[in-house]
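Here you get one chain, nothing else, as structure tokens; it is the form predicted alone.
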């Protein structure tokens, strides 16, 4: 009996923690399909008796959630992919290639990029973006997002690459591969688990970023979802059902992408262990 309780207690605690985490999202999800504010006020935490899907249509079309959604999606994905590409090449150079003390110096300089608060860099970034004449364009977000993500991404990928056995590269050299071939055909496939992990982190950071998107983009057609949601709140502050539908639009893609890539992590770990 005591052994059964000990085994079941962690599951009960985790289940309770899961309920606490999911409760706010369930509240928003149920509110998004209720008829009006009165329905939410009378039954704030209950399942709606009548499902009103028109709230999603109104939020998607009238509040321009569709425009903000696709802007955020392609900016977040593009910036995450490019940052991983650059950081993986840097990590390969400092961990798998022999450059003497330069490896340590370059990696230390990369670490310094994580010590500076992002808010402290806002004015310098604005000046650089202004001089490049890319204000009020998506490049004003994509370039800073890439630069901000490179230090963290390089550190994670470098730590993963150091754990790979050197015998793999020796065998590749015996087969006639040069450094670019080793990186593309050997290191990248084995580093997929780490790349997927940092992609999730970078994507979430880019997707939820607000300050740069708010100050660097003035054209309403170029704005991202976090900025658009603030305007949505101001415009529809009395319609909580449509506000909840907009929140679901902003949360659901992140949940879906995270769920898909979670399985990719497991697949990547298995493939890497076989190849190693």
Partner chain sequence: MNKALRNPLVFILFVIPALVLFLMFFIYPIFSSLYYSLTSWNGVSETVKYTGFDNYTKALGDERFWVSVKNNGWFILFSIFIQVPLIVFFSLLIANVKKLKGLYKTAVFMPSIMSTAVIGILWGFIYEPNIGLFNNILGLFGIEPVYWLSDERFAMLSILITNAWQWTGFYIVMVLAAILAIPSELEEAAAIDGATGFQRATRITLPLIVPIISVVIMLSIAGAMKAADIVIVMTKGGPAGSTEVMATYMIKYAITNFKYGYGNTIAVLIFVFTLVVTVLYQLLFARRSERIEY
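Only a predicted model underlies this, so the values are computations on that prediction, with no experimental measurement involved. Numbering follows the first chain given and starts at 1. The term rigid core refers to the most C-alpha atoms you can superpose between the two forms while keeping them within 1.5 Å.
The same protein has a further form, the form predicted in complex with its partner chain, not shown here; the description that follows concerns it.
Heavy atoms within 4.5 Å of its partner chain in the predicted bound form are found in exactly one of 73 to 81, 190 to 198, 112 to 120, 156 to 164, that being 112 to 120. Proximity to its partner chain in the predicted bound form, defined as a heavy atom within 4.5 Å, holds among 51, 41, 47, 57 only for 41. Contact annotation for residue 67: none of its heavy atoms lies within 4.5 Å of its partner chain in the predicted bound form. The closest non-hydrogen atom of residue 170 lies within 4.5 Å of its partner chain in the predicted bound form. Using a 4.5 angstroms threshold between heavy atoms, residue 208 counts as touching its partner chain in the predicted bound form. Although the partner is absent from this view, residue 243 contacts its partner chain in the predicted bound form, with a non-hydrogen atom inside 4.5 angstroms.
Residues of 133 to 168 that come within 4.5 Å of its partner chain in the predicted bound form, judged by any heavy atom, are 143, 144, 146, 147, 148, 150, 151 in sequence order. After superposing the rigid core, the Cα of residue 27 is displaced by 2 Å or more between the shown form and the other one.
Taking the rigid core as fixed, one finds a CA shift for residue 220 smaller than 2 Å between the shown form and the other one. Superposition on the rigid core between the shown form and the other one places the CA atom of residue 208 less than 2 Å from its counterpart.
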